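Coming up is one lone chain in C-alpha cells, specifically the form predicted on its own.
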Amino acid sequence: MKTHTVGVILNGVTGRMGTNQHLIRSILAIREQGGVKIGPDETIVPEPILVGRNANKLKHLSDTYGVEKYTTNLDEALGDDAYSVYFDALSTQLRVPNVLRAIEAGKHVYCEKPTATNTAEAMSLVTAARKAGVKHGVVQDKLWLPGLLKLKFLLDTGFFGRVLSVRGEFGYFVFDGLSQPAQRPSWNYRQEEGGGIFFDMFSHWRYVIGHLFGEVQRVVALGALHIDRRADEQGKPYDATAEDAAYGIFETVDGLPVQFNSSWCTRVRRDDLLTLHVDGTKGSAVAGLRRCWIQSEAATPKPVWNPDVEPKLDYFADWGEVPNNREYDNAFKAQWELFLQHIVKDTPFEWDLMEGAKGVQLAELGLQSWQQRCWVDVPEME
C-alpha cells in the first residue's frame, strides 16, 4: 500500500467550527477510515498540527483526540517542511494576513469563508496564490449537503422542466446573551470586528446559486439590525453594530429570480434551518440540509382560494420524499477529501480563492444595495 502523507497546519482549530467540522468530523474522520483511497493500493493520510493562541485549549484538544503535535507559534509551523498545507478557520478579520503568510511560505492554502472583509483583499489572496504557484481552495460545504445533492440530481435529470423561481429561508433565533447564553460568538454582531450576516451568509448564497442555478448578475437587498443590545461570552452587555438579518433577491444571468431570507432573529417553523423551495413547470421541490420533498405536475392538487372556510387540503400530504439511494458523508469531510486529492494527484478542484472572492463581492454589493436602496449589478471578476 502506497501512502501519501500530507502535513496540514490547522489554524484556528479551537473555535467551534474548527474543532467540530474540520478537526473531528473531517481530518480525524479521514484518518480513522484509513485515509482517502485513490486506488487499489494507494491512499492519502493527513497529518495535522494544531495551531492557536491558547496553549491550554490546544493541549486539551491534543489530549482528547490524540493529536500529537500542537503549537502557538504559527511561524514555526509554516517553517516546517513536513507540512505542505495551511488551513485557516480564524475569524474573518485575521484571515488575510495569515493566509498571505502561508502563501509566502510556499504552502498550499485551504480556508473558511468569507475569505476577507472586502473584495480587494479577497482578490489579493487570489493574486498572491497564483503568483506563488500554490494550490488553493475555499470551504463551500453546503454543496455536499444531502438535501442539496438531491436537489442537484433533480435539476440534472430535468425533474422541474423549466425552473421558474427559487426561494431560500435560512436562520434561527440567536439569544442575545442577556436572558440566556448566545449560540454564536459576539464578534458576529460587531461590524468593527468583521461581523454581520451579509458577509456570513451571502458568501454561501453566491456559490449555492452559482453551482445550482446560474451565475448572479444583479442583486437587491435589505439589511436590518433587529436586536441592538447583546451580551458577550463573559456576560458583559454591548451595543451590536452589525446587521443580524438580510433579505435579498438575486437575478441569475438567465433571469431566474432567487430570493433568500437570512436571519438570526427568526424562530423556526419550517422543515429545517435552511430550506430551498424550487418551482418549475413540471414539478417543485423543497430541500433542507438532509432531506428533499417533491411534487410533480401529475401529483399537484387543485387548490381553490376561499378564505371563508377551513381548508380541505392537507398541503403537506401530496409531497413525496426523495429516497436515500446512496450514502452521504459529512459535507466538510467530502470537500476535504477532494482537496487532498487535488494536492496529491492534481485532480480538478474548482472551489478556489476566486470562488471565495466572488462570495465576498456579493456580500459587499448586497450591503451597497441596502445602503443605496437600489438594484446593483454584479460585474464579472477578472
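Residue indices: 1-based, along the sequence shown. Computed from a prediction, not measured in an experiment: that's the story for all the values here.
Note that the form predicted in complex with a further copy of the same chain isn't included here; everything after this is about it.
Worksheet item: Between the options D80, E215, E104, D279, which residue brings a heavy atom to within 4.5 Å of a further copy of the same chain in the model of the complex?
Response: When a further copy of the same chain is considered in the model of the complex, the option within 4.5 Å is D279.
Worksheet entry | One residue of V253, L94, A120, L289 in contact with a further copy of the same chain, assessed in the model of the complex (non-hydrogen atom, 4.5 angstroms) | Going through each option in turn, the one that passes is L289.
Worksheet item: Does a further copy of the same chain get within 4.5 angstroms of any non-hydrogen atom of N73 in the model of the complex?
Response: No, N73 stays farther than 4.5 Å from a further copy of the same chain in the model of the complex.
Item to complete: State yes or no: in the model of the complex, is some non-hydrogen atom of R130 no more than 4.5 angstroms from a non-hydrogen atom of a further copy of the same chain?
Response: Taking the distances in the model of the complex, the answer for R130 is no, it never comes within 4.5 Å of a further copy of the same chain.
Fill in: Contact label in the model of the complex: P307 to a further copy of the same chain, heavy atom within 4.5 Å
P307 belongs to the contact set for a further copy of the same chain.
Fill in: 4.5 angstroms heavy atom contact with a further copy of the same chain in the model of the complex for R269
The answer is yes: R269 has a heavy atom within 4.5 Å of a further copy of the same chain.
Discussion item. Only one of 190-198, 215-223, 112-120, 132-140 has heavy atoms within 4.5 Å of a further copy of the same chain in the model of the complex; I'd like to know which.
Written reply: Among the candidates, contact is made by 215-223.
Item to complete: Within 4.5 Å of a further copy of the same chain in the model of the complex, which residues of 22-54 have a heavy atom? Give them in sequence order, or say none.
Response: The one in contact is R25.
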